[in-house]
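Let's start with one chain on its own, the form predicted on its own, as structure tokens.
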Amino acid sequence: MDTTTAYLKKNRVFNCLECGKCTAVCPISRFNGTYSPRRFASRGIFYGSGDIGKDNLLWSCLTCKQCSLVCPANVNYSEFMRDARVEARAMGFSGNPSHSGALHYIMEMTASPDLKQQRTGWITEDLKTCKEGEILFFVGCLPYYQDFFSKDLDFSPIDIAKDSIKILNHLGIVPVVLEDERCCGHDFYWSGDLENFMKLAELNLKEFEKAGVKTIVTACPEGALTLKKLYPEQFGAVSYSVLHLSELIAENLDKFKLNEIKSRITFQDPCRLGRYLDIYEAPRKVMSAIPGAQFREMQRSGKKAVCCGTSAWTNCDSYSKQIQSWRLKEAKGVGADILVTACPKCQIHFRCANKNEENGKNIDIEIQDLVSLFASALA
């Protein structure tokens, strides 16, 4: 069995009924009529990797998993796209990475075992952390995003990490923060670069073991998915459990004293937190616990929530911007003052769209991470 047939079979692509339900819910297909999950599935079946690997649209898929929710044949379309990208890379194709590939280069650098990092300078004296222990706060790529996005997008990504530590300290937790933690490898995995994904995973797993980690808490859904599901899939059983910080907060709401925040808020369900990890209620419990905050649900929410428009720093194009504008208008339409998300990348993408002058003031809305919103309410 050749590799193309193997991954088509593994992801049940041969089961495709060509009903078109996937295309009907696909955010990319809504704005780009030339893209269709159903068509890509058919091309994979009839023409194989050689055909779809050369098509730049292969890198447009958001792997958001909306299509899988409506597929009557249970096709794993997002995983099919991931495997097709692995094959495409082997043929020398890699799409058009956003930001000229700069973020991919940063991730490649962190995959080097000889890399000497300076990634904990953001930890101030008021934040209590340690180097060894059972509870780790996985910072992820926030220090890299700080240098890359803070000036242009008028926000501080590393504040999400600071606010996370504040919340953990409030619960009496002094978390481990690793000096030599690496990118989790999420973007390499979904863009088909399994070699570098494996390198990053091996380096992180060694650091976790060395520090004696038993529980990993992160504010990043992509990190949570990668550490919780993708590492065990590739390396077997792991010795730690994983929590998104919203879960930990929701479990301990009775331990917090909160000030009032008078704002109308709505929530962007990140694809990895929702459709991949099935975490929907915890963020809503956290927001509902804040005195004075009026929560307003968007029509497309929960399992039907619209993706933020780009994934794994690949093919961020005009269609991505249209998806982002569409979503921001929906948030504004429910009368929200603040669009809350629980994924740093969602915030980056929406802030970028919000700064686009072509959008005008009709979608100008404050965007804030769930962790930072909750931390700002701490009494």
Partner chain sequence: MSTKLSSITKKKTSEKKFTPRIVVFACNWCSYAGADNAGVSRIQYSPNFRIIRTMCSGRVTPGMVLKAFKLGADGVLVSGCHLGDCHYIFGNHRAIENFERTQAIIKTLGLEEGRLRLEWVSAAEGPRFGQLIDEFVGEVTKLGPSPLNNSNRRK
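Fair warning: this is a prediction, and the values are worked out from it, not measured in the lab. Numbering follows the first chain given and starts at 1.
Keep in mind that the form predicted in complex with its partner chain is missing from the display, and what follows is about it.
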Requested in this report: Mind telling me which stretch in 111-119, 297-305, 276-284, 129-137 gets its heavy atoms within 4.5 Å of its partner chain in the predicted complex?
Outcome: 111-119
Query raised in the report: Even though its partner chain is not shown here, does it sit in the predicted complex so that Gly212, Ala237 and Tyr240 each have a heavy atom within 4.5 Å?
Result: no
Query raised in the report: Taking 4.5 angstroms as the cut-off for heavy atoms, does Phe148 touch its partner chain in the predicted complex?
Result: yes
Query raised in the report: Quick one: does Pro143 come within 4.5 Å of its partner chain in the predicted complex, counting heavy atoms only?
Result: yes
Query raised in the report: Just to confirm, Ser100 within 4.5 Å of its partner chain in the predicted complex by heavy atoms?
Result: yes
Report task. Would you check, heavy atoms only and a 4.5 Å threshold, whether Ala289 touches its partner chain in the predicted complex? Result -> no
Requested in this report: Would you mind picking the one in Glu251, Glu260, Asp152, Glu233 that has a heavy atom within 4.5 Å of its partner chain in the predicted complex?
Outcome: Asp152
Report task. Tell me, out of Ile123, Ile106, Leu203, Leu194, which residue has a non-hydrogen atom within 4.5 angstroms of its partner chain in the predicted complex. Result -> Ile106
